[in-house]
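Starting off, we have a lone chain in the form predicted alone, written out as C-alpha cells.
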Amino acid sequence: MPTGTTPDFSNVLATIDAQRDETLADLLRLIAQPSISAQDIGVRECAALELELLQKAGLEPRLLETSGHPMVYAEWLNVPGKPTVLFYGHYDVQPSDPLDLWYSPPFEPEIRDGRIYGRGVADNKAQHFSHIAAIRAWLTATGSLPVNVKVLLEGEEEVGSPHLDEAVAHYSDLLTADLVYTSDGPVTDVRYPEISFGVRGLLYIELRATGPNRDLHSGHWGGVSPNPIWTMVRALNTMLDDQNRILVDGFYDNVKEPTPGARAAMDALPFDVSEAIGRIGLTEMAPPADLPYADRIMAQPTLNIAGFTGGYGGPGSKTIIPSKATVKIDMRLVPDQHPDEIWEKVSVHIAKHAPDVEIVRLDGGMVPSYTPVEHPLAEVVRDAIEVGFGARPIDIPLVGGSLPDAAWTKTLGLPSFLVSYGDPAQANHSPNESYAVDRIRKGVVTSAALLDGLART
C-alpha cells in the first residue's frame, strides 16, 4: 500500500487493475465517437455517450444547456462534511484534417507500439476519462467515495470556450466545490510529472491598413500612392522595441513580481533550455539575453505577430503597390492583467501612432488565472501525483498557453490545479494524435489517490 494512503485504497488499486480491460474498451468507444465542435459533428451524440459512461461509473449525470454546445455534469454528494472536488475536462475534439496524413482513420482508434491513436484520445478523452475510471473503481471496491465529487465536461473547449464563463456563472450554485482539478495537455519531459497552477491570458487582434482601391503598377504610381504595407510596418515599429519590450503605454501596469513560492519553483525547474531551443532549431533565445526562460513563459506578457498578409507572395516578381495589408497579433497576458484593459490600451496606442490603421478585436479573449503555489491543497495534489506516477512532481507556476481556467479562479473563486497526464509525443491537434497506454493506469491511480488524500484533509 502506498505510504500515507488509507486501507480502502489498496482495494481500489486492485479494482483499477481488474477493470483495466473494461476501462480501455470504454475509452476506445469514446474515442470512436466524433465530437468536432468547430463543425458541429457528433457533439450531442458524444455528450449522450458521456452521460452513459458517467452513469455506469455510479454518478448521477445530466446535460447542462448553454448558449452553444451542452456541458455534461455529474455528481456524487453523499459524504457531508467532507471536501468536494470538481473534475473538469472537455469532450469535444479538433477537426481531423488533413486526413491523408493519418496512418489510421482518426475515429477508428488503433493501438500500435504501446500507444492509442485517434482524434481526441489525448486532448482530452483519455485524460478526463481517467477521473471517471477512478470514481468507478472506488465505488466498485468500497461502495462509496471518500469525498464528494462533481464532474463537468465542456463541449466547446476546442473553439475557445466561448460560453464557459457565462455557463459557470449561471450554474455557480451547482458547481460549488473546494477545488477544481483538470487533466489536459502533455508534460514537458516524461521524467518529471507536473502540477501547474495557472495559465496566461490571451487577447487576439487584427490590424488593417488600406491604400488604393486596387493593386497598382509600382512604376506608374510609386511615390504617389501610399503603400499600406509600409503603413503597417511603421505602426508595428511603435509597438515593440529591439529588446522585445512592449511600448504600449500602461501595458505593464498590472504585471506583478512572482510570489516567493512561484519564484522558487521557477528557479528550480530542471529543464535544459539549450536542449529545448535546440529541438526547434535555435541556438539562443530572443532578446533580452539576460531574461531567464521561466520568466519569459510565466512572468512576462508577450506581443506576437501571428500573421502578416499583403502584396504579392507568389513565384517570381510582380511590381505592384498593394491595396491592403493585414496583421494578426496575439498577446499573452499574466495574472492581474485583463484582455479588456489591454484592448483599451492597444486601441489608444494605434489611434495615436497609426490613425490610418484599423484595429479589430477578433474574440473575447481569455483572462489569466493563478492559484498560489503555496496553497495548502497543493500538497494533497502533489502526493496523489507521486502515488500515480512514482515521482514527486515539479511545480509549474504558470503555463505559457491559455485555457479557460479563470472560470474557476475568478468566476467561482476556487483554487484550480492542472495536472497533465499526457506525454510530449501525443501530438495534440495534429494528425496521428496518440496517448501512451501505460499512462492510462497512472492517470487513473493519480485521480483515485487524490480522492483518498482529500479525505484526510
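Just so you know, these numbers come straight off a predicted model, no measurement behind them. Residue indices: 1-based, along the sequence shown. We call the rigid core whatever largest set of C-alpha positions still superposes within 1.5 Å between the two forms.
There is also a form predicted in complex with another copy of the chain; it is not shown, and the following applies to it.
> For the chain seen here without its partner, which of 254 to 262, 100 to 108, 129 to 137, 216 to 224 has a heavy atom within 4.5 Å of another copy of the chain in the model of the complex?
Partner-contacting stretch among the options: 216 to 224.
> Is there any non-hydrogen atom of residue 328 lying within 4.5 Å of another copy of the chain in the model of the complex?
Because a heavy atom of residue 328 falls inside 4.5 Å of another copy of the chain in the model of the complex, the answer is yes.
> I'd like to know if residue 343 sits close to another copy of the chain in the model of the complex, meaning any non-hydrogen atom pair within 4.5 angstroms.
Although another copy of the chain is absent here, residue 343 would stay clear of it in the model of the complex, with no heavy atoms inside 4.5 Å.
> With a 4.5 Å heavy atom cut-off, would you call residue 94 a contact of another copy of the chain in the model of the complex?
Residue 94: no, not in contact with another copy of the chain in the model of the complex.
> With a cut-off of 4.5 Å between heavy atoms, is residue 163 one of the residues that contacts another copy of the chain in the model of the complex?
Outside the cut-off, so no.
> Given that another copy of the chain is left out here, which of 309, 142, 188, 84 has a heavy atom within 4.5 Å of it in the model of the complex?
After the contact test, the surviving option is 309.
> Which one of 269, 378, 277, 359 is close to another copy of the chain in the model of the complex, taking close to mean a heavy atom within 4.5 Å?
None of the other options qualify; the answer is 277.
> Looking in the model of the complex, is another copy of the chain within 4.5 angstroms of a heavy atom from every one of 426, 436 and 457?
Heavy-atom distance to another copy of the chain in the model of the complex: none of the three under 4.5 Å.
> Mind listing which residues of 294 to 321 have a heavy atom within 4.5 Å of another copy of the chain in the model of the complex?
Sequence-ordered list: 296, 297, 302, 303, 304, 305, 306, 307, 308, 309, 310, 311, 312, 313, 314, 315, 316, 317, 318, 319, 320, 321.
> Under a superposition restricted to the rigid core, does residue 252 display a Cα displacement of 2 angstroms or more between this form and the one not shown?
The answer is yes; the displacement is at least 2 Å.
> Once both forms sit on the same rigid core, is the C-alpha displacement of residue 105 at or above 2 Å between this form and the one not shown?
No, residue 105 moves less than 2 Å.
> Rigid core fitted, is the C-alpha displacement of residue 95 between this form and the one not shown 2 Å or more?
Stays below the 2 Å threshold, so no.
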